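Heads up, the chain below is alone and in the form predicted on its own; it's given as structure tokens.
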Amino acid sequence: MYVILRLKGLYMTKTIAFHLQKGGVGKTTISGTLACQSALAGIPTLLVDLDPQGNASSWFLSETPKHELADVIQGKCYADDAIIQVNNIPNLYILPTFGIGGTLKQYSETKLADEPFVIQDLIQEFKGKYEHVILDLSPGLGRLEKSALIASDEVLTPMTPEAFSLDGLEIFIDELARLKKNFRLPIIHERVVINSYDERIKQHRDIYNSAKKGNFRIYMIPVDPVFRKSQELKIAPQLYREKGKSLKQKTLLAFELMEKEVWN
């Protein structure tokens, strides 16, 4: 059945979110790079920028779009009017946020309390159009982030190898458990991505071992300057080539593994 749907141009859509209440852990970098990995593998992939700061949109788009996510969920335009195909990355599309007047933030603080399933309803429109949907969330666990988690099949937690991130993981586990109970969510949470990992540093190894105690599947992303450089150039990190430099082999292998395992 799955093969038949793909031959007809339809897809069994899976939606994943990257989230931790703590900022600065690399949510946008990881979600954007995985989206690129998926698209470069030939899979129609949609990256939804749910961060009012719009960092993912600034990364992949050179010009401010006519419409953004806030326009879609407020009924000012259709989703197809706002979705943009990313240049130079076949199969990658983005539903952007550019913080135009802080529209998304204003909506989340005012109207979203009455519409907790608005992101879930939006995701339903993508069924059969995109095989992979990735939600890039802002820090915190407010109404917008909860609405995105309600819409997700699985959530992955990115963190840095430091004690504060580990505390954030424990808090998120508790918060997600309450959210799952209140909304009867079947959302899966079994993967952690440790960003900026250096196995030579004892603290990093200790954080890794502590995270493993939660029976999580751990992915380790090393410190890699190509992330910043590719974001400046508005390209996929996997496509960065300059003066003989590219993504570290360990970085590439980590994302190839994540791409292989997450979508199964």
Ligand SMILES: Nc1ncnc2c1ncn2[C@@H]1O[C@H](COP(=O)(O)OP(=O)(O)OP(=O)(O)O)[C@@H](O)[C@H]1O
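When you see a residue number, it is the position in the sequence shown, counting from 1. Predicted model only: the values in this text are computed from it and were never measured.
Another form exists, predicted in complex with the named molecule; not displayed. Remarks below refer to it.
Taking Lys213, Arg228, Lys66, Arg200 one by one, only a single residue has any non-hydrogen atom within 4.5 Å of the named molecule in the predicted complex, and it is Arg228. For the options Ala70, Ala236, Leu40, Ile221, the residue carrying a heavy atom within 4.5 angstroms of the named molecule in the predicted complex is Ile221.
Looking at Pro116, you'd find every heavy atom of it more than 4.5 angstroms from the named molecule in the predicted complex. Taking the partner from elsewhere, Thr29 is found to have a heavy atom lying within 4.5 Å of the named molecule in the predicted complex. Remark: Val25 counts among the residues lining the named molecule in the predicted complex, judged by a heavy atom distance of 4.5 Å or less.
Interface residue remark: Ser196 is counted as part of the site for the named molecule in the predicted complex, having a heavy atom within 4.5 Å.
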